[in-house]
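Encoded as structure tokens, the following chain is the form predicted alone, with no partner shown.
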Amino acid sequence: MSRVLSGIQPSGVLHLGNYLGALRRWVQRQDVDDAYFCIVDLHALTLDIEPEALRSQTLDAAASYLAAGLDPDRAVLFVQSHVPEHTSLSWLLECTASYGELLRMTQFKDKGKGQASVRAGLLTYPVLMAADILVYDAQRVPVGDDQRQHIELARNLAIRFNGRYGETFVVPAADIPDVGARIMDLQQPTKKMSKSTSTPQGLINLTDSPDEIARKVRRAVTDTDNEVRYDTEAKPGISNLLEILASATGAGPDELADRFSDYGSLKGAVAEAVIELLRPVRESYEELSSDPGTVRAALAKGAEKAQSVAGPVLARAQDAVGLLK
């Protein structure tokens, strides 16, 4: 079994993009891989978020993990801040990274653009993400396509550290799906569906009712020619709907395009597929959200297991750089 590690920020209700790009794939991995999945609450601090909201959203994210089918007896589910080895290793890696390569991170440039004051954590959080991965000797990292650059940084830091101090870290590889890797906003189909940047109508949340899902899909931005064709450059809105339907049904987006003669029938099929796909997740989430004790117990169990792996890896790295024991 290879070891995999991935995580999602608790910056709001998880959405369809999180599910298709991450959660569903994680569920499939928990029986074939040594799987570690965390809620990266420390990364959420790069945003303006109220303390009570962070606590509440962290529990909500954990309930979503469980509702999606992740099993604490088959995978390690935990909160990032509950395992202090993440931040300890992050400092060693910050002393390995260069200022220039962090400035070149696309997400830093996009999120910091036009701001008079940018949090230092927005610059350095890719290093913490590298620590999240390297502290578990993860071999593969299931992520969306937008995280490719960050995985490459983690690889570079591992290789650089190993070159300076001797073989210490496993060099991880990104694991990006061909379909569903980047679900786009329904109202702004050139932008990724995102809790922090999407409008409410551009997001399909895991907790949305069937009527809400149908309404959002009906109002999804397309174009005016009514030709159903998979073309991400010329027809981003229609291509996004085809990508969502492909992820929900297993068929290819080009194949699906041939089945529809107009936008209305495509939107109807997308809405129906998404409603059925998310129905069991929503029902399980509603049950779990009323039982926070079960959710907290799962997280405590996961943190204990995660720390038993992360501790020796951090000790190995501290020894390699010459810290006194």
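Residue positions are given as counts along the sequence shown, with the first one as 1. Values in this document were obtained by computation on a predicted structure and should not be read as measured data.
The same protein has a further form, the form predicted together with a small molecule, not shown here; the description that follows concerns it.
Engineer: Using a 4.5 Å cut on heavy atoms, which of 235, 82, 216, 150 is close to the small molecule in the predicted complex?
Structural biologist: Going through each option in turn, the one that passes is 150.
Engineer: Are 7, 43 and 107 jointly within 4.5 Å of the small molecule in the predicted complex, each by at least one heavy atom?
Structural biologist: Yes: each residue has a heavy atom within 4.5 Å of the partner.
Engineer: Quick one: which of 69-77, 132-140, 251-259, 226-234 gets within 4.5 Å of the small molecule in the predicted complex, going by heavy atoms?
Structural biologist: Flagged stretch: 132-140.
Engineer: Is it the case that residue 125, even though its partner is missing from this view, gets within 4.5 Å of the small molecule in the predicted complex, heavy atoms only?
Structural biologist: Residue 125 belongs to the contact set for the small molecule.
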